[in-house]
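Only one chain is shown below, in structure tokens, and it's the form predicted on its own.
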Amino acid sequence: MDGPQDLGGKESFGPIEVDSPEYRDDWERRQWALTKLVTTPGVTIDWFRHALETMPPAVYLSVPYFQKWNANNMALGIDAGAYTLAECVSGKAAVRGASPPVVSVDECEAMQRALSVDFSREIDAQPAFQLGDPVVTDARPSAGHTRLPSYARGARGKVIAHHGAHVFADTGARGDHRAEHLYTVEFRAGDLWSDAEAAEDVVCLDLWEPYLASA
């Protein structure tokens, strides 16, 4: 969707802080760990991202990163019926059950490092594109979640890699976890931005097949 999260290629937002710390405060580390450890039924990574994108632009652009995660987790949990708004406000469960095991942030980080997750999927359809094929991206905006950035809509590029099939994020956010072929597409910077200074600069995006058509 066209929301405040799609900042790629946008101007007037200032330089990116490439040297900023991973976490600015200890509570941000704990929020990261909570998001990894506490799962809400029916919430996938794509639905989590889409929910973040529905925040009002003024909130999305002004609230710190992990504070948005916190608000998003609470909203998704309330929506799923895992707890109530009153419980969130009070910070206490209305009915206390068995206490879960205590896991430190360091232990959570070690658990994440040890994970080996394969996101590839089997698919019967053959890939529509081969390496070197010229393609053009869909020019239409999406009303739901999408991983095609607005600056790359309707742009010409070429396929430089095929990664097999993976769950299509756009439908995954709606609960339809179907697989689609995934490619890396290379674009000339000048084809994306009219004022690109270096003609040899390129931008590479990993894009699902439904985003692409033969050029």
Partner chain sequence: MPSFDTKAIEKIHRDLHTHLPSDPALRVKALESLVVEKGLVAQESIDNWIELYAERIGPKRGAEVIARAWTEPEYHARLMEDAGQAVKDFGYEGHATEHTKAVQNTADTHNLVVCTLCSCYPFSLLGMSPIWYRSAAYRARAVKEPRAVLAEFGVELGADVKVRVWDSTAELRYLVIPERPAGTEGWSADQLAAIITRDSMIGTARDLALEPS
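Between two forms, the rigid core is defined as the largest C-alpha subset superposing within 1.5 Å. Numbering follows the first chain given and starts at 1. From a predicted model like this one, the values you see are computed outputs, not experimental measurements.
Another form, the form predicted in complex with the partner chain, is not on view; read the next lines as being about it.
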Using heavy atoms and a 4.5 Å limit, would one call R140 a contact residue for the partner chain in the predicted complex? no
Are any of the heavy atoms in I123 no more than 4.5 Å from a heavy atom of the partner chain in the predicted complex? no
How about M74 - does it come within 4.5 Å of the partner chain in the predicted complex, if we only consider non-hydrogen atoms? yes
Is there a heavy atom of G8 no more than 4.5 Å from a heavy atom of the partner chain in the predicted complex? yes
Does any residue in 89-106 get within 4.5 Å of the partner chain in the predicted complex, counting heavy atoms only, and if so which ones? V89, G91, K92, A93, V95, R96, G97, A98, P100, P101, V102, V103, S104, V105, D106
Is it true that D106 shifts between this form and the one not shown by 2 Å or more at the Cα, once the core is aligned? yes
With a threshold of 2 Å on the C-alpha, tell me if L115 counts as moved between this form and the one not shown once the core is superposed. yes
Relative to the form shown here, do the C-alpha atoms of E109 and L61 sit closer together or farther apart in the predicted complex, given a change of 3 Å or more? farther
So the CA-CA distance for R49 and A114 moves by at least 3 angstroms in the predicted complex. Closer or farther than here? closer
